[in-house]
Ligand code: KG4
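Starting off, we have a lone chain in the form predicted alone, written out as structure tokens.
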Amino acid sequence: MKILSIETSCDETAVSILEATGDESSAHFRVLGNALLSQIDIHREFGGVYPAVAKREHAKNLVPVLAASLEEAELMKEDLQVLPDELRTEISVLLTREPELAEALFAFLDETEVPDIDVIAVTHGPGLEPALWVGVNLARALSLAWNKPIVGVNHMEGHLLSALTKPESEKDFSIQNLELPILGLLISGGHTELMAMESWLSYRLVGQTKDDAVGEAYDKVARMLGLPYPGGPEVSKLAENARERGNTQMPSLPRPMMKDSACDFSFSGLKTAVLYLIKDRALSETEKEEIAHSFEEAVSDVLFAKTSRALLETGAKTLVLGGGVSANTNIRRVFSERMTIEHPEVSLYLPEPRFTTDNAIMIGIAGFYRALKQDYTSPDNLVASGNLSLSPASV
């Protein structure tokens, strides 16, 4: 099965082509084409992602990124095509709010043969809704123009499933012999949740943040410390500097809800504690490093404690971390070391660095599993949902 996948949930415009074989218990993936444009430099001056700007950039970049991915996969063949007037009108109406995308897409379709793909997969949530709609509308238009089935993919499912892969080469990876149930710790700028997958693609929410997501807390602490956007990696760099220096005088910071019997999280109090700690103070670079170190240790302790509790509650035999914050060096170190000691019977999966940031390959992986279940939708019924959840009870 060849899957064309599209990702526009935030500030990365990405399209990939995967060739997938196998089934749920043993799947192999090969990357045939992959192209991505990041908007991070554009949003850095604002200190965060502006949805209207992200939408504009996706509309401008999607067709060139699509063409680059198809060309790498050797699936783009130039030939004059004539779209029926009725179909051209239908696509024009669909793309009314993205005129720049419509113009570029028609030029592309008029000169390109229908590629040899089997299904189109697209992120339809969660994320920034204006940005999501651009990718969703492109997928709907391509589905109509090429007469290909379409699957909507949950962005967080993409993070979870891609983190379960084992690399075989730069372009080849597989998912094999996983023991269910699987517990996923999904951590990003918008999510901190523990999700149990007790059967394939069936999820139960075990715990979630009551306030700030962990990535959001990192970014807010970064702003308090005067660090540039994106703040999470900058806080992590300062914390690592403190660890390397050793003998740090780490200030004491709380571990909110860590001893609570539930599997839920809270990071608002920790963030506020940092705010009071630095209030009306001119911090030296060493003090910033020590505060970052203390903050990061508190975060890692809470994440592991809650995940450990969820493992006992669910009886999960596999633990996977996914989402942007799963790239954090200390979190990966803490889980690698403590899982071996405290849960030696559980297999730990940490995502490859390329799967921690937003990308279209992970959407293709999830799209393959959705296609196996014939989980198709019509272009008319596919919608973007900024608050889409993996857990049915939370939809």
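The numbering used is simple: start at 1 and walk along the sequence shown. Remember, predicted model here, so these are calculated numbers, not experimental data.
Absent from the display: the form predicted in complex with this ligand. The rest refers to it.
Candidate stretches 72 to 80, 228 to 236, 132 to 140, 271 to 279 - the one whose heavy atoms come within 4.5 Å of this ligand in the model of the complex: Residues of 228 to 236 come within 4.5 Å of the partner.
Listed residue (Gly207, Pro115, Gly189, Gly152) with a non-hydrogen atom within 4.5 angstroms of this ligand in the model of the complex: Contact with this ligand in the model of the complex is made by Gly189 alone.
Only one of Glu98, Glu193, Glu289, Glu216 comes within 4.5 Å of this ligand in the model of the complex by heavy atoms, so just point that one out. By the 4.5 Å criterion, the partner-contacting residue is Glu216.
If you check in the model of the complex, do His159, Val325 and Asn328 all have a non-hydrogen atom within 4.5 Å of this ligand? Yes.
Under a 4.5 Å heavy atom criterion, is Glu57 part of the interface with this ligand in the model of the complex? The answer is no: Glu57 has no heavy atom within 4.5 Å of this ligand.
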